[in-house]
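Here's a solo chain for you in structure tokens, the form predicted on its own.
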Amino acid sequence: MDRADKTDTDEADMVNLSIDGKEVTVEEGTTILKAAQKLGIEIPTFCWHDKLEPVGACRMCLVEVEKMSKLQIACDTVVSEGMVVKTNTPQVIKARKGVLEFLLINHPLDCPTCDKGGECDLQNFVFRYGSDKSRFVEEKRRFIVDPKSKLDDLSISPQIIRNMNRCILCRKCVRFINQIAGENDLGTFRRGAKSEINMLPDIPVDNPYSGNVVEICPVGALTSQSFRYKIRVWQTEKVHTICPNCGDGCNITLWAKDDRVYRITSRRNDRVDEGFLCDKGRFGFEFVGLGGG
């Protein structure tokens, strides 16, 4: 193939479209969401993760596309030549408010005690797009783990605590365990309003990458035993460093205060770790006592 033919082929593989009045050229097969990200335009999501197959479960990323009668999900709608997308119209804003209202119907209002407070996608999007009023007057659905307790926390592994009442069923955790970790020790059980994320019966989640589900959970449904109720994220200082536990050199962030490390999270570097940490790197920090803290 000569240079002219190669150029023609490359041009044929590119698609031109407009998002919020801004022109962008992307590769054929690109989704609206990724095209918007290329322009620096934020489209809110709960269930999407660029390392997982899109499922369009949460509907938070709905956008308006000219010549289409209904709003489209940006995470799994492929762009086409000449497409005109609008991400912030009154219709889109109304749809986002509706999605959030449905999610909050059964979601407990326990932000002051939830460890995800300060970094919760649901909390942030409600502030941005939601309402401070609720039309729901019925009793909230509740997943009861222990009738004698009102916490409804379930230990699904030595480090992971599940609170199903906070879950929005984005299934990021289940999809990560299956698609990235290559395991099946976490799943979605039952159907409809009774659907719940859970371990297999009497078999705790036990794979070397299980802790990633805590980090990618967009709400406080999954929390880590070692970090729960210890400190608020805004009280900590973030220190960027490299994991010392093996030769891979995964990029990590230490969350510390007064010379004490409270947790470790990933610091994505696709050349090394793709943003995922093994449990040894994530939880193996408690022996550290910087300055004797």
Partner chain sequence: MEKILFKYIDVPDQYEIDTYIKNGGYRALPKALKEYSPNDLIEMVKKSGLRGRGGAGFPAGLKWGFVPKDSPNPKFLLCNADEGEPGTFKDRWLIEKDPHQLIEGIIISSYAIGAHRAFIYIRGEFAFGAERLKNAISEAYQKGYLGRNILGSGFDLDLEVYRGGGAYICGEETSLMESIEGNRGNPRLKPPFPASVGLYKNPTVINNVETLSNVPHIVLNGALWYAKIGMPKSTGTKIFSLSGHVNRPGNYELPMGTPLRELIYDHGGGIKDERELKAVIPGGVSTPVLTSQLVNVKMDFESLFEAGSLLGSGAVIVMDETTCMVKVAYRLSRFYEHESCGKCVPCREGTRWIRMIMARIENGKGREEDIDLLLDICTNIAGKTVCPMGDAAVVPIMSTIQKFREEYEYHIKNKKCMVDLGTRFV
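Given the structure is predicted, the values throughout are model-derived calculations rather than measurements. Residue numbers count along the first chain shown, from 1.
Another form, the form predicted in complex with its partner chain, is not on view; read the next lines as being about it.
- Looking at 222-230, 47-55, 262-270, 238-246, the stretch with residues near its partner chain in the predicted bound form, meaning non-hydrogen atoms within 4.5 angstroms, turns out to be 47-55.
- Taking the partner from the other structure, its partner chain in the predicted bound form has a heavy atom within 4.5 Å of a heavy atom of residue 101.
- Using a 4.5 angstroms limit between non-hydrogen atoms, residue 124 is distant from its partner chain in the predicted bound form.
- At the 4.5 Å threshold, heavy atoms of residue 67 stay clear of its partner chain in the predicted bound form, well away from it.
- With a 4.5 Å cutoff on heavy atoms, residue 193 counts as touching its partner chain in the predicted bound form.
- Using a 4.5 Å heavy atom cutoff, none of 110, 166 and 180 lies near its partner chain in the predicted bound form.
- This chain is drawn without its partner chain; in the predicted bound form, the residue among 87, 159, 198, 106 with a heavy atom within 4.5 Å of it is 106.
- For the candidate set 154, 216, 95, 114, a heavy atom within 4.5 Å of its partner chain in the predicted bound form is found for exactly one residue, namely 95.
- Scanning 207-235 for heavy atoms within 4.5 Å of its partner chain in the predicted bound form gives no residues at all.
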